[in-house]
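Below you will find one chain, with nothing else, as structure tokens; this is the form predicted alone, and questions on how it binds or moves follow later.
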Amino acid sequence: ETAVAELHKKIKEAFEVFDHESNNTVDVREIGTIIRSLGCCPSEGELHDLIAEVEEEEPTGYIRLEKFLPVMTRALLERRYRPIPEDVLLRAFEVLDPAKRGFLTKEELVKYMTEEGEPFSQEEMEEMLSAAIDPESNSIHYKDYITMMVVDDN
């Protein structure tokens, strides 16, 4: 019971940061940021589904705390949208690097991230490149990048 009360407090605090009118609503475009600030890493598809669950019957562009709170509490209690563990990330990069060089070129990274699976947007790609690419070699040394990503989340 106290765990749920603690979660409610954390969720409300995260929500209030974006509740600029102080009327228990936030712009729907802030929901992803709020969820990520709570340590969750949903895919775009999962985020879309969660928003659909908390939106009004007639979407207004705003999400109400009273609808968001129970859905987000359940997601946290069920430990949904957990970050991917370091070893799994490493294996994913190694699949993209069959020659086992320990790095991917910028071109390879852009190709994989924009043409495979759930493609990155231009903005997401630029954000990743600015953090991941070593400007001298114009490549990503993925072990270093993973270490940096995992440390940043804790």
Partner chain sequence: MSSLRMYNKIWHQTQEALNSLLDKESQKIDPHKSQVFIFQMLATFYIKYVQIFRKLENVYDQIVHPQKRILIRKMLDGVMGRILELKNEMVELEFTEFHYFDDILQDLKLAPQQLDIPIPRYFLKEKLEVIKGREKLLAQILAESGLDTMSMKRIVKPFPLDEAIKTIQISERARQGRLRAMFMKQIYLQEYRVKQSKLLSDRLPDVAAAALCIQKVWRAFHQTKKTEREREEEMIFLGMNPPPQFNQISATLIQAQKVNSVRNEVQIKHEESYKDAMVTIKNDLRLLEGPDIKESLQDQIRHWFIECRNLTGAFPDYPKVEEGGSALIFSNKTPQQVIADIIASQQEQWRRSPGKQRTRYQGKQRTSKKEKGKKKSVSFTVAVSFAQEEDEGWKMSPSLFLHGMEEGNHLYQDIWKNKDESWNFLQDYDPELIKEEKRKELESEIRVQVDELMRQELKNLKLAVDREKELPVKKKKGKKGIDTDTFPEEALSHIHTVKITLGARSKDVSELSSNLMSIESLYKELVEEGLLIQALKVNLSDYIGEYSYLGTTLRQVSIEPMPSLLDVRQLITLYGVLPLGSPTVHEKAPLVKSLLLAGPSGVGKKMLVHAICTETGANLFNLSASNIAGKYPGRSGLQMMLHVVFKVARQLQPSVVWIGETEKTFYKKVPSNEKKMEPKRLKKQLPRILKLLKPDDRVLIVGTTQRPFDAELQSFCKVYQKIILVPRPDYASRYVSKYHSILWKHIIQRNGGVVTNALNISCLAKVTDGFTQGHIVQVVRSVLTDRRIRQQIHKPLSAVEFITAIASMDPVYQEEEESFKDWYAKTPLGKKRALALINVWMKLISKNEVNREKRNPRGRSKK
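All values derive from a computational prediction rather than experimental measurement. Positions refer to the first chain, counted from 1.
Keep in mind that the form predicted together with its partner chain is missing from the display, and what follows is about it.
Interface residue among Leu89, Val54, Leu65, Val28 relative to its partner chain in the predicted complex, by the heavy atom within 4.5 Å criterion: Leu89. Thr105 falls outside the set of residues with a heavy atom inside 4.5 Å of its partner chain in the predicted complex. Using a 4.5 angstroms limit between non-hydrogen atoms, Glu16 touches its partner chain in the predicted complex. In the predicted complex, its partner chain sits beyond 4.5 Å of every heavy atom of Asp49. At a distance threshold of 4.5 angstroms between non-hydrogen atoms, Leu77 is out of contact with its partner chain in the predicted complex. Taking its partner chain as positioned in the predicted complex, the residues of 30-61 that bring a heavy atom within 4.5 Å of it are, in sequence order, Glu30, Thr33, Arg36, Ser37, Cys40, Cys41, Pro42, Ser43, Glu44.
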